[in-house]
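Single chain ahead, by itself, as structure tokens, in the form predicted alone.
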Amino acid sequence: MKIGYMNCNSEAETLTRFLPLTAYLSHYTGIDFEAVPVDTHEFAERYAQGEFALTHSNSLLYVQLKFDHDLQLLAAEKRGNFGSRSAGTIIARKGSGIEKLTDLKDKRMVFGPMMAPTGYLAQYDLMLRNGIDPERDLAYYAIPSGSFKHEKLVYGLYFGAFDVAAAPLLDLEVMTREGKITADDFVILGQSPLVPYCTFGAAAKLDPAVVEKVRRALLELTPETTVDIAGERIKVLKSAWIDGFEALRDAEYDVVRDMARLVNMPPYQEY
């Protein structure tokens, strides 16, 4: 049985992160699972084609697949100070003179990937709710190409290529912890509500006994859980950059749905 893992930066990185988790799920459930790295923009289409029955994706893709295919919610991963949730922020360089959302007019802005809940959707929603239309009120906006888009936008702001940036709160937290930036480098102009983070889902037609086994396996993971791969004992959560998993209710994703409706994004996009 295949698990589709949404690529974060590259297929190689995705497999390195999630092969131990896949091996753990196979061992725990007695089911032979295979990890499939999937490009974010191909995720919904490849799921619809039946390429994989379990999904690990961001919360916007979960909402889309729930709407289109009645995907079952298994568990949300926890990472960072806010556990199974994160937020989007709009930041500027400290000392730039840009200190509040109303200062965004005619500024150069960089967003994260368009399907990123806390790198694009949350900030776009935040701007619209504050009377700022990114399509008309900014001088222009851009999205970095290639991998590590979230880090690129922070560095693009830091080195002056842009005036403001749409940064996920979790990425700011991680980059600060790793010493890549300091809290004194930037000022937060606005922050979105917290939204569910990356999420495991299961196909509606999947055997309920299998669904329950996988859900229980995810929720019982601890930082000390290990698997043996190629003669090496690996900590599953540490390899996946995850602190653990939490059971959420589908209604807790309504905040993402409200954002997608306002921003005109899937599954509510109207042309």
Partner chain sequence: MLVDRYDRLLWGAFILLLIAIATTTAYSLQGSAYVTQHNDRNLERKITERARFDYLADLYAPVTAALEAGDFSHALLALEEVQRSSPDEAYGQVLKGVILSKMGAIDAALESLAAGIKQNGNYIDRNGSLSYRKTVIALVANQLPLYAARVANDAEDTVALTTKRHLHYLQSRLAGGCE
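Positions refer to the first chain, counted from 1. Small disclaimer: the values here were computed from a predicted structure and weren't measured.
In what follows, reference is made to the form predicted in complex with the partner chain, a form of this protein that is not presented.
Open item on the list: Between the partner chain and Asn81, Thr182 and Leu248, in the model of the complex, does every residue show a non-hydrogen atom at 4.5 Å or closer?
Closed with: Every residue of the spot touches the partner chain in the model of the complex.
Open item on the list: Which is the contacting stretch out of 81-89, 111-119, 134-142, 147-155, given heavy atoms within 4.5 Å of the partner chain in the model of the complex?
Closed with: In the other structure, the partner sits against 81-89.
Open item on the list: Taking the partner chain as it sits in the model of the complex, is Phe186 in contact with it (heavy atom to heavy atom, 4.5 Å or less)?
Closed with: Judged by the heavy-atom cut-off of 4.5 Å, Phe186 is in contact with the partner chain in the model of the complex.
Open item on the list: With a cut-off of 4.5 Å between heavy atoms, is Thr176 one of the residues that contacts the partner chain in the model of the complex?
Closed with: Within the cut-off, so yes.
Open item on the list: I'd like to know whether Asn130 contacts the partner chain in the model of the complex, with contact meaning heavy atoms within 4.5 angstroms.
Closed with: Although the partner chain is absent here, Asn130 would stay clear of it in the model of the complex, with no heavy atoms inside 4.5 Å.
Task: Partner proximity in the model of the complex: Leu194 to the partner chain, non-hydrogen atom cutoff 4.5 Å - done: Yes, contact at 4.5 Å.
Open item on the list: Considering non-hydrogen atoms and a 4.5 Å limit, which listed residue (Cys198, Leu169, Leu104, Leu126) is close to the partner chain in the model of the complex?
Closed with: Of the listed residues, the single hit is Leu169.
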